[in-house]
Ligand code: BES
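Next up: a single chain in structure tokens, the form predicted alone.
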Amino acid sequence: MKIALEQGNIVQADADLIIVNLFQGVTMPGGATGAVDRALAGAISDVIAAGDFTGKSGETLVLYTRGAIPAPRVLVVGLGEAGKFDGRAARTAAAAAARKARELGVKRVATIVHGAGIGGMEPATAAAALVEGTRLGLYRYAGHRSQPPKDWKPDPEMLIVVERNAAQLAALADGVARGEAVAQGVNLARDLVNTPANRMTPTVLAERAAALAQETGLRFQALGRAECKALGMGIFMAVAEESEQEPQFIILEHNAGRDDLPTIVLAGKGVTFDSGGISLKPGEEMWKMKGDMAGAAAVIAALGVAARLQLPVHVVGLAPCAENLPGGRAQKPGDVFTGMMGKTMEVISTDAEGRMLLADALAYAARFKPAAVVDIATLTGAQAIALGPHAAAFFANDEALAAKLQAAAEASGDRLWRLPLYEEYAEAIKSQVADVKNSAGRYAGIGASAKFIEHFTEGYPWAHVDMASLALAEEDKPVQPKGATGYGVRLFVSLLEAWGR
């Protein structure tokens, strides 16, 4: 679907369908919706008065114009309560409207920007939310079927964003461009996570990262088994050695070589399939472990967005990628390994492997002398129990970085909830035979895992995001189809934008 921005009157738009909106509880439509209502002799008001449309978030109403205006159909989408309207509500409205347009089989759609007027959002922010919501709502993973599902209808061919005020066009154009870049990144991450593990090995993930770098101008490098061993990444390699698949330590850079810009390092766990190793996971729903590389997917995709938006910050993306399988070379509980920093680690559980990948990635991050490092991982079941699919947990050893991350979460809609880094968690991972052990057992698992990762950070502000319950969605919602979510991409883009400012 192509997206265009035009100055004009939505009532006169040349389209198969025009989209306007309504806040919940409004009985007399105003603005563009009011203009359409008047052109239709009060048809929208009549439906509201009858109680058949309330304007709740994501609700849709389709009316047929019978020649009263050029477009044969009008879609009114609910924005929810005006006092609660934000970017999340704007994206939901756009996604719900886009899905309904696809369901109707229309080709050419015109829409106003939700929230740019009485919603109180800045025009660029509202336009970005409109495009993000539309693209993310229409996302479908075609997968590897021999034929597409029979009930799939094609997307509309054209979305025209209509704005009457010429003075707003430049800001709206900026928002449309940002929304396109962000949605492209989120949907890339979704594609990577949705892909079956036998078709998304560490090598394939590196190839996808290389293709993204070629397309956007990022610097790309991937270290294999020999290079990682030469660097002393013994903790990462303890996991990687279990599989016949070649591990890949992916390095992407935006604004590489720019020493006049602050350096931010993003590191993502890239376990392309996690069986648990010798500490084997239960078989039920183990197929979901193809998504255990969602952190790496978010980092790779976010680097692509940073490049497309030309953000004025030096960004390094690190994605240590490997499979976690049982085998003849597999690590065993009780084994001890030495990482890149020279610190040693005792294996308690081979299913606590993601933090092992991150241990050497965070050691590698120090060579960039970063202003901050943020890692992201599908790390613990404890995060899912604590927060469900509604927010990721995060930890930080620096208050300024924590505040920036929290602000980015609010701006992006990728929710975060901060948890403490108590020193008692360090006591729980003390080992009798090594510097640290990789698991504290059943209790306080989320805090102890964060403390383990912090053990391998040195000389920079650091934060850890545990997104275990956010990688895959169980329900189908307007902005988020069932399956991979692309969580973390919008969070990182908002963080980098703020850092660039």
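Residue numbers run from 1 along the displayed sequence. Every value quoted in this text rests on a predicted model; they were computed, and no experiment measured them.
Missing here is the form predicted in complex with this ligand; even so, the following discussion is about that form.
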**Asked** Which of these stretches, 211 to 219, 133 to 141, 104 to 112, 373 to 381, has heavy atoms within 4.5 Å of this ligand in the predicted complex?
**Response** 373 to 381
**Message:** Can you pick out, from D414, D360, E353, E323, the residue that has a heavy atom within 4.5 Å of this ligand in the predicted complex?
**Reply:** E353
**Item:** One residue of M289, L188, L223, I278 in contact with this ligand, assessed in the predicted complex (non-hydrogen atom, 4.5 angstroms)
**Value:** M289
**Contact label in the predicted complex: S57 to this ligand, heavy atom within 4.5 Å** = no
**Prompt:** Is T33 one of the residues lying within 4.5 Å of this ligand in the predicted complex, judged by heavy atom distances?
**Reply:** no
**Asked** Within a 4.5 Å heavy atom cut-off, is T457 in contact with this ligand in the predicted complex?
**Response** no
**Asked** Can A468 be called a contact residue for this ligand in the predicted complex at 4.5 Å between heavy atoms?
**Response** yes
**Prompt:** Taking this ligand in the predicted complex, which residues along 238 to 276 bring a heavy atom to within 4.5 Å of it?
**Reply:** K269, D274
